[in-house]
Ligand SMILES: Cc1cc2nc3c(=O)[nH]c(=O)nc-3n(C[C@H](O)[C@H](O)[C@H](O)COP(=O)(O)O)c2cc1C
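Quick setup: one chain, the form predicted alone, written in structure tokens, and binding and motion questions come after.
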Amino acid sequence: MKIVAFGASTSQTSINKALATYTAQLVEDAEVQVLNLADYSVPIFSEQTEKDIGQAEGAKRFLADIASADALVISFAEHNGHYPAAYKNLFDWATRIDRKVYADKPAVYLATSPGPGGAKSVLGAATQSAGFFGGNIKASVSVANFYDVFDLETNTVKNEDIALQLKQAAAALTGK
């Protein structure tokens, strides 16, 4: 099984990328490809830009990497209660090429934040709209207070309840 994982952020120190990577690696015998959204550069979307350049190359590469997966683990970053601009822009370009961006692949949707909200508002938006964009959600988990729960140095979850939730979410990708 090949899992494509990413944090919906271009931050080089993304806690969402760390969470997505950790969760994807919980799937036994899976090959995990971790995407860095900064590698999929696209201009700011507008219909005029689309007319001028056609399909953005970064969006085509993003969709190709999604298509190569058997399953997805996505952790949605939250900026002021919404998707980060860079992710939303890439996503908008991708939907112009194929509205079913996530290609009905089994997916785990996650979100985390340093604070007590756990990025629940963006996770709610992502799960509610998933069906319009080929999202086949098998599990979703919000992780509040990331730095209290996750040890970045050892790549481990310190909270037993959260660790169990993530393990169950990863297992849902394989039906085991």
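These numbers come from a predicted model, not from an experiment. In this text, residue numbers run from 1 along the sequence as written.
Only in words, not in the display: the form predicted in complex with the named molecule, which the text now covers.
In the predicted complex, the named molecule sits within 4.5 Å of a heavy atom of N16.
The named molecule in the predicted complex comes within 4.5 Å of no heavy atom belonging to L90. Within this chain, A77 lines the site of the named molecule in the predicted complex, having a heavy atom no more than 4.5 Å away.
In the predicted complex, the named molecule sits beyond 4.5 Å of every heavy atom of S142. Picking from 25-33, 62-70, 126-134, 113-121 the stretch near the named molecule in the predicted complex, with a 4.5 Å limit on heavy atoms, gives 113-121.
Contact annotation: of the candidates N159, S11, Q165, T21, the single residue with a non-hydrogen atom within 4.5 angstroms of the named molecule in the predicted complex is S11. Applying a 4.5 Å heavy atom cutoff to the named molecule in the predicted complex picks out no residue from 36-72.
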